[in-house]
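First, one chain by itself: the form predicted on its own, in structure tokens.
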């Protein structure tokens, strides 16, 4: 049992780190732009397909393909903001929500039409290799995924805290009008936010595609989970999104270990309900943790 618990601790951390990539991008878009992007899961799915085609069809190195995926889907996200969400900046939250649902349906059906419904797996360089941690055999694949997600989250934190773009992002989040008066290009910042969000989701999709499979419907449940995690942590809170992702990852992993895998999808919703009953604004709602 001790080996199973160690394995579950590592698997929960891996799952939580991937959820964190999804949730951080989601909460940045909401926290700064006040947009709930329900097409976030489809950007995740596009990342999976982008990585698959580069690795399997064009024989590009997996890690190079991930970087390319981050850039490609990031640029796609930038133009999504300009084409779809920019005209709706002064519209109600409901209008932007409906626009994101329409975008989600369009992307998923387009990919289904072009790529078919077959499940595909992305080849990983260290597939089948393992290392021993506290006497337990752990897949090198999962360790690499964990290191990559941790690196990206830390890199994003560094960018937000120490770079000029990051300072502009924080200023825009605090007061859009004041930031504009101080010379911040709000139009560019909004595009960058969407690009970062889409790029992180795409990398998460590529990583999951290497662990499991890629298919046109793969983004639906992770997109919903990212939304739940953001609510759980507190809408707009990056720290809350990170903590919520870890809670979600461990809850699912230990539910599978001690109960049945069929309950895995249910446990996150139960946690969300319990948190909102006692703290409706989420774990970090109303706290300045951006």
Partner chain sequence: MGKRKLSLLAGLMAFVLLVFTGCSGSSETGGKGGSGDGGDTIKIGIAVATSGAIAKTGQDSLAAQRVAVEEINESGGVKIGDKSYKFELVHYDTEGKAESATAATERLIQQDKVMAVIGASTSTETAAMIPIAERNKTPMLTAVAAAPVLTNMGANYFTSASSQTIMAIQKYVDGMKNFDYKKVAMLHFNDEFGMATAEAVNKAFAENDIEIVFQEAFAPTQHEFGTMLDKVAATDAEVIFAVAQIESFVNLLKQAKEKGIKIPVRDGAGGALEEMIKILPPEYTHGLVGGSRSGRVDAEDHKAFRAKFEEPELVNSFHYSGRDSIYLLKDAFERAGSATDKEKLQEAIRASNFDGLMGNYQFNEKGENSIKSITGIVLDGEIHYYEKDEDIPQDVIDSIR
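Nothing here was measured: the structure is a model prediction, and the numbers come from that model. Numbering follows the first chain given and starts at 1.
There is another form of the same protein, the form predicted together with the partner chain; it is not shown, and what comes next is about it.
- Just one listed stretch, out of 155 to 163, 181 to 189, 69 to 77, 202 to 210, contacts the partner chain in the model of the complex at the 4.5 Å heavy atom level, and that stretch is 202 to 210.
- Put simply, residue 117 is close to the partner chain in the model of the complex: some heavy atom of it is within 4.5 Å.
- For residue 132, no non-hydrogen atom is located within 4.5 Å of the partner chain in the model of the complex, even though that partner is not displayed.
- At a distance threshold of 4.5 angstroms between non-hydrogen atoms, residue 261 is in contact with the partner chain in the model of the complex.
- A residue is said to contact a partner when one of its heavy atoms sits within 4.5 Å of a partner heavy atom; residue 15 meets this definition for the partner chain in the model of the complex.
- In the model of the complex, 213, 217, 220, 221 are the residues of 213 to 240 with at least one heavy atom within 4.5 Å of the partner chain, listed from first to last.
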